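Starting off, we have a lone chain in the form predicted alone, written out as structure tokens.
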């Protein structure tokens, strides 16, 4: 019989209060076209000598990961699986800027090493002394869905018992300018934001927020929203469920978390918190609907 999967913990750093769930009842009102995240005091989590060598996104990923693991009561996860659409843009910009200014002869390798997408998972693994499965997905808005699906498949096959799954993206001023020019960010929409979300999945239901009933990444937008919701509930074995079901989508959560390439991760995080806090019995998440693919996730109360 396939393993059941539970979300043991989930936390975020975003434009809302970091590492907290205050947004549920008292969300920070978003204004303007571009907002950076509210960061915690990193020195409470990372020694200053280590912190000064890390870019902002790496600090956020490390903090959300370690807080999520602590809440789940897990020291070293069996797997670390990360989604990121653009990786560490701050370091990428530094590296490219130095090439333009100084050429290729006297470059420090640090900015290049920290600009690659899999730097995030690698750094977390080094800090945790985790030698297990380590993978990064860079598939635009479906990056988190791909990471979550990978973890779910491996857990249902019995290959791992738990996994740290995260999604991390930053929006620097230059990134905001380029993506606005490309048409991804538009004036009058939700402001451009940043996001770092980490959650711990486990086959152990003890203390879990909710159960992960199903996850899929779809490339077709030909079906109506109602068809997507009905099929998602049927796939999760909840076709006849008549309790409290909440539908979470980009339209409902962009006013809270803004618009960014990791927004589907915020929606799954939010759904887990709402189910875990008794705000609903089932949450159906349809994320990334403004791109070419969407992530569909069903969460339910554990039973």
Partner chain sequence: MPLGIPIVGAGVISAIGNGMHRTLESLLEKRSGIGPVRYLTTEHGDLPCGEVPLSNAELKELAGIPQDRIVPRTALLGIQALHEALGTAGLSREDISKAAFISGTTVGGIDITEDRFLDYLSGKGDPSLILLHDCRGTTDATSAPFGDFAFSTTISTACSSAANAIIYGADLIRAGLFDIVVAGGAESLSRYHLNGFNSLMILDREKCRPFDETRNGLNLGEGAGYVVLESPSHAEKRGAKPLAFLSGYGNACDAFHQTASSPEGDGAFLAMKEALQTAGLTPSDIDYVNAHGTSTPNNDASESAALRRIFGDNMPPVSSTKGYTGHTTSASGSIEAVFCILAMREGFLPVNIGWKTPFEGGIVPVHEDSRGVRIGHVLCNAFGFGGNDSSLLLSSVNTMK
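Everything numeric here is computed off the predicted structure, so don't read it as measured data. Positions refer to the first chain, counted from 1.
One more form of this protein should be noted, the form predicted together with the partner chain, which is absent from this view; the next part is about it.
### Query
So which of 67 to 75, 161 to 169, 195 to 203, 112 to 120 is the stretch with heavy atoms within 4.5 Å of the partner chain in the model of the complex?
In the other structure, the partner sits against 112 to 120.
### Triple contact flag 99, 134 and 137 to the partner chain in the model of the complex, non-hydrogen atom at 4.5 angstroms
Yes: 99, 134 and 137 each sit within 4.5 Å of the partner chain in the model of the complex.
### Query
So in the model of the complex, does residue 95 come within 4.5 Å of the partner chain, heavy atom to heavy atom?
Residue 95 belongs to the contact set for the partner chain.
#### Entry: Any non-hydrogen atom of residue 211 within 4.5 angstroms of the partner chain in the model of the complex
It does not: once the partner chain is placed as it appears in the model of the complex, residue 211 has no heavy atom within 4.5 Å of it.
### Query
Wondering, does residue 281 line up within 4.5 Å of the partner chain in the model of the complex on heavy atoms?
Judged by the heavy-atom cut-off of 4.5 Å, residue 281 is well away from the partner chain in the model of the complex.
### Query
Is there any non-hydrogen atom of residue 231 lying within 4.5 Å of the partner chain in the model of the complex?
Outside the cut-off, so no.
### Query
in the model of the complex, which residues of 45 to 69 put a heavy atom within 4.5 Å of the partner chain?
The stretch does not touch the partner at all.
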